[in-house]
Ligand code: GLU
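Starting off, we have a lone chain in the form predicted on its own, written out as structure tokens.
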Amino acid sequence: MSDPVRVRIAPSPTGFAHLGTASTALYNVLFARQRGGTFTLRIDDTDMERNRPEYEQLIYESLRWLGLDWDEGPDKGGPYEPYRQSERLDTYREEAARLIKDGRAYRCYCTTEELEAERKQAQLEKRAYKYSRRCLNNPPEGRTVFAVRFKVPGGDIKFRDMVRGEMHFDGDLIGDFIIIKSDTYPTYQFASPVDDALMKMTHVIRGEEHLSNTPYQLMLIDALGYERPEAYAHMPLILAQDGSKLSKRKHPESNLALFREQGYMPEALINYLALLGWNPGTEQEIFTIEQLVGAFTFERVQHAGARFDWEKLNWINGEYIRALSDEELARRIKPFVPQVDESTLQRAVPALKTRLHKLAQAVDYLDYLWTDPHPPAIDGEVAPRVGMAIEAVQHVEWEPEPIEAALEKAVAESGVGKGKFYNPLRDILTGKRVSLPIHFTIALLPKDVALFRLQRAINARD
């Protein structure tokens, strides 16, 4: 019987929580749940200049908001703690010392200038650059500052990728690379595979940008005498609208907090992210997380990058909004419109539900309830129709249906179409050309406020 599945993500707390982190976490969660395994959160915080504790908190908050909770992590502990790489530095140094002792790594005293000169010489000779092994064969004397380099054994490096199949890399093309920097901190290429081995990760599921890192990491695992993960899976990149890789430095829209602020529902974003690079092979597009666990397979993951499509996300989010009960939708909208009382919001929900593709749009539809728009100028043709509207609604029950019936009658008597009759009313009441249906727009305002705004527009002509 094979060991229980163990998977992980290892984000860096060097900026806002990123869409790519969420996507990678999702695929790890789906695989772990399918196999009854363990999902681990490890924090890669060895970049001491850019790490911030508040960014680590954003990782926790964003993943929890999406429902992608972990079984082991810095905040939960677990059998392989600590789960912050900054708290595992002694382990990396001990492993590096063991490699040096075994002749599989060596100290490199070269300066930045000397290494740059080597690179320039390779360019002049039109050859791919590989470190010269100067410090392995003839180290300079009298220097105390050093990095640690791995002595690359070369040869064919092969592994199974659950997305791309059997992979081969030529180790003879890889130069001896640094595993411990001169500041004594490990490189990503070293810390990550050491942790994966010591934490017994059975599968490594991560973004395609890490595919080229895998041969480096496998050579280290082999040299240290650890068991390799059973398989890797390198998921397609998320691309921006222009086809470039979605980056947290170049594309602020990749910030997970932005989706929350704009009123995307976490269930809808999870649904969309699952379809970004994977397809179920059926016409189904709306999935619960339980359905995704049942349907997901690496065989149906595409190889090419997946372009982020706002239109598709908006459609999915709109479908989720319309599937909510009125009570639940009101509860989810409330944080975006705290100025609106519960009763008014409940009355607005039926009209909002058919129009929203994200919850924050409720502000655009409802801000006239707490903001008095500047009265527009109306001409002599419009003013009588506004008067007819006042006359029609002032004595009816203050609910959408009776107001609608009264206005329909006034429209018929006016001799103009609904657009010509209603658009000025919309403008007067909300200050906008687009609003909820006019009978909802009027009914949601207190009666005296609605009648006052309409009458004020007429009076402004005098």
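From 1 onward, residues are counted along the sequence shown. All values derive from a computational prediction rather than experimental measurement.
There is also a form predicted together with the ligand; it is not shown, and the following applies to it.
- Residue D44 is the only one of E56, D44, D427, E404 with a heavy atom lying within 4.5 Å of the ligand in the model of the complex.
- Interface residue among H203, R206, R228, K353 relative to the ligand in the model of the complex, by the heavy atom within 4.5 Å criterion: R206.
- At a distance threshold of 4.5 angstroms between non-hydrogen atoms, A10 is in contact with the ligand in the model of the complex.
- Taking the partner from the other structure, the ligand in the model of the complex has no heavy atom within 4.5 Å of any heavy atom of N271.
- Residue contact with the ligand in the model of the complex: Y188 places a heavy atom within 4.5 Å of it.
- The ligand is not shown here, and in the model of the complex it never comes within 4.5 Å of any heavy atom of S254.
- The stretch in contact with the ligand in the model of the complex, judged by heavy atoms within 4.5 Å, is 206-214, chosen from 107-115, 372-380, 254-262, 206-214.
- Contacts to the ligand in the model of the complex (heavy atom within 4.5 Å) from stretch 154-179: none.
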